[in-house]
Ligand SMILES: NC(=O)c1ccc[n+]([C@@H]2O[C@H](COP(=O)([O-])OP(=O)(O)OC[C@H]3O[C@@H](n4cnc5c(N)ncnc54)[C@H](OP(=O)(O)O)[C@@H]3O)[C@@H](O)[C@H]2O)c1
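First, one chain by itself in structure tokens, the form predicted alone.
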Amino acid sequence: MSKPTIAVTGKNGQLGFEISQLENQFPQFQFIFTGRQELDLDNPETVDDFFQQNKPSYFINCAAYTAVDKAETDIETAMAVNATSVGLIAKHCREHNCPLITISTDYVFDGQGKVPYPIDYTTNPINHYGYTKLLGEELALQHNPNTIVIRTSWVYSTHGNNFVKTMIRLMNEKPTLSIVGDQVGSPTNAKNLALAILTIIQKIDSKEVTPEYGIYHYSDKGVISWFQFAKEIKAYKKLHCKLTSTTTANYPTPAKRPAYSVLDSSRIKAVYGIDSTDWKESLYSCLDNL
């Protein structure tokens, strides 16, 4: 009897990479990792061919256009990757009776909240990236009722471009740095998110749980600012760069950023038994592996 196949897009991104690192921990599954070359989401025919040939049992969509500022002008590409292609994948998943897990973002909210956002909190993205990700959520759920959308926040890992690696590089290069202190959220180690996703699939596949589809939130525990995050990186790596806190107003970017980005992850714990790790513990684990 052949193993169930898990197809994963975005193999070169942070999350796709971290899922590939966990492959050996889930030997009951066969994995197919795809990038642009293996699965061209701009070409609907290749998507059809992919599903016919590989017949995935589960599909994890980690592919995303994540250049938040660039998305303000490169609107078509961001829309194609974050929205249109997600709808296309969802359609094929439904046709092949394949549950879909697709990843979204805290940027679907406007940042005006004061307490962690529950899953049904009103969405109101304030930049184009957030808008395309929200549209991707809607298309996924519309085209495949067996879809789990996981919104996450402030993702980093040992792989790819992210805040943690950028801070280490800049703190080694510069004597002083100003970091925004009035945007708060929960940093999330992509390794933890990868494990959460594969645990959900394992529990569904083994019939340990009855799947409940829809929207979930997942991030590491704790609420901090980017400035506090940078300070912790500096302390743990024993770097000597002087850090000062600045305001969003003093650091204008092409895309607006939400001031408050904290997600309420209680549903994923209640339904799938997934608990998250404290942000400091997750950060130290990543820094030890860098």
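Treat the numbers as computed from the prediction; the structure is a model and nothing was measured. Numbers follow the displayed sequence, beginning with 1.
What comes next is about the form predicted in complex with the ligand, which is not displayed.
Asn12: heavy atom within 4.5 Å of the ligand in the predicted bound form?
Looking in the predicted bound form, residue contacts with the ligand include Asn12, since a heavy atom lies within 4.5 Å.
Taking the ligand as it sits in the predicted bound form, is Ile224 in contact with it (heavy atom to heavy atom, 4.5 Å or less)?
The answer is no: Ile224 has no heavy atom within 4.5 Å of the ligand.
Going by a heavy atom distance of 4.5 Å, is Ile60 a contact of the ligand in the predicted bound form?
Looking in the predicted bound form, residue contacts with the ligand do not include Ile60, since no heavy atom lies within 4.5 Å.
For Tyr216, is any heavy atom within 4.5 Å of the ligand in the predicted bound form, or not?
Outside the cut-off, so no.
Please pick out the stretch from 170-178, 199-207, 147-155, 120-128 that is in contact with the ligand in the predicted bound form, where contact means heavy atoms within 4.5 Å.
In short, 147-155.
Though the ligand is not shown, can you say which of Leu135, Val164, Val81, Leu195 has a heavy atom within 4.5 Å of it in the predicted bound form?
In short, Val81.
Quick one: from Asp42, Asp69, Asp264, Asp48, grab the residue that has a heavy atom within 4.5 Å of the ligand in the predicted bound form.
For this set of options, the contacting one is Asp42.
Residue by residue through 89-107, which ones have a non-hydrogen atom no more than 4.5 angstroms from the ligand in the predicted bound form?
Read in sequence order, the residues that approach the ligand (within 4.5 Å, in the predicted bound form) are Ile103, Ser104, Thr105, Asp106.
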